[in-house]
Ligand SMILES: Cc1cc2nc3c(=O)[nH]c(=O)nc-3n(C[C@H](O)[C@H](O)[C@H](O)COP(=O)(O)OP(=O)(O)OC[C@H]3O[C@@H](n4cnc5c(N)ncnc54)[C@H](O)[C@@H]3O)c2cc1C
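Before any questions on binding or motion, here is one chain by itself as structure tokens, the form predicted alone.
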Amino acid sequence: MAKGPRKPSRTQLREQLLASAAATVLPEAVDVCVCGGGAAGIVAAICAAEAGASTVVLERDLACGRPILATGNGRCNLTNLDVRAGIFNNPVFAEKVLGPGSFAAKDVLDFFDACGLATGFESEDDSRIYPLSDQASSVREVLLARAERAGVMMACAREVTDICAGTVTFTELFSGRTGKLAATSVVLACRDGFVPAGLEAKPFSPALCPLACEGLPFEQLDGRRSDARVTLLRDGQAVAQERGEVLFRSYGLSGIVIFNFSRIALPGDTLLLDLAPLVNEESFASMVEAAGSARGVIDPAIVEVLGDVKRVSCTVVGKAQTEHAQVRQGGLLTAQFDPATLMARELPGVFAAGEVLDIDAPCGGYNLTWAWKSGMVAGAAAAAFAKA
């Protein structure tokens, strides 16, 4: 049986992508320049181009849309039918952009339906929506295909360094040279923390990531999972509580519950874990007495390390594995932008979308919903401004 063609190595793929980026010749001027080719940036570019604006995306990475591949553990939780403003850190501004109730989810689903993406719920009683392929790569592929059909130019390996008087300055990573692109409208959608002159930002920090902890024998528990009710305590007072699967790691704790707590946890906070959340204290004690241990209630491997305990606690040291954090907190202060268009109030023609703005939310498809919808708003408004 004949073997198929060998896949290129990482080095070969990098060289190919660099060559492709170098071969992309930019125009001198464009209606809309989108800075950043992630989720929000690609959608903004599509909406701008489909509104009749010549559109270029400047992306520091060697390919656009790569961060999408890591969302939802590679499955891409597109959106959630239960999108409520209160989920976000800045609910008033978020609601003005997203719209009331589940309007944002409908807009997202309509957009991806037009992309040719089949979607569905993870389960019948769930509100989270995924691609039916269960692959984040499907989302990226349909977005890039639609962008190409709309005439968007993807200019990769170009890092934006300045935006001033309608000119975007960037560095070509394949040559080291400086380039310039005149643009009537600019959409900021970059993930690298670039803040143009004239705008203020809250410092960026990673979020939705594991927490480094101390106070438990984590090395011995590494890899074990447990359904748990977790309470975040600060100075003895409960700050938040959530139930879900917790993953013990050698450095501390992981899992969706912990990811959500990483948005608000501070060093010195306490995490109280109820390892048998569906069993009350009296029943737990009876089961331990009947079995001679807690092995009939809690993972025996965890019991072997921690003993016959229902609740344990540990102390937060800080965030862990931040290089793989799903979102960033902080960003451009939202008061500087008109929520109807996402244009900067003091910088006409400069728009923003996605996590470059100080908007974030817990796990569950909410952050991607913000990226998609804010990209739609900013892209359409940027095109309207450029064509006016």
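Because the structure is predicted, anything quoted here is derived from the model rather than measured. We number the residues from 1 along the sequence you see.
What comes next is about the form predicted in complex with the ligand, which does not appear here.
Across the proposed site, 38, 41 and 194 without exception bring a heavy atom within 4.5 Å of the ligand in the predicted complex.
Shown without its partner, this chain lists 339, 349, 67, 330 as candidates; in the predicted complex, only 67 has a non-hydrogen atom within 4.5 angstroms of the ligand. Between the options 159, 122, 308, 95, the residue in contact with the ligand in the predicted complex by a heavy atom within 4.5 angstroms is 159.
With the partner left out here, the ligand still marks one of 260 to 268, 183 to 191, 277 to 285, 235 to 243 in the predicted complex; by a 4.5 Å heavy atom cut-off that stretch is 183 to 191. Shown alone here, residue 325 lies within 4.5 Å of the ligand in the predicted complex, counting heavy atoms only.
In the predicted complex, the ligand lies farther than 4.5 Å from every heavy atom of residue 138.
The ligand is not drawn, but in the predicted complex it has no heavy atom within 4.5 Å of residue 379. At a distance threshold of 4.5 angstroms between non-hydrogen atoms, residue 21 is out of contact with the ligand in the predicted complex. Taking the ligand as positioned in the predicted complex, the residues of 54 to 90 that bring a heavy atom within 4.5 Å of it are, in sequence order, 58, 59, 60, 61, 67, 70, 71, 72, 76, 77.
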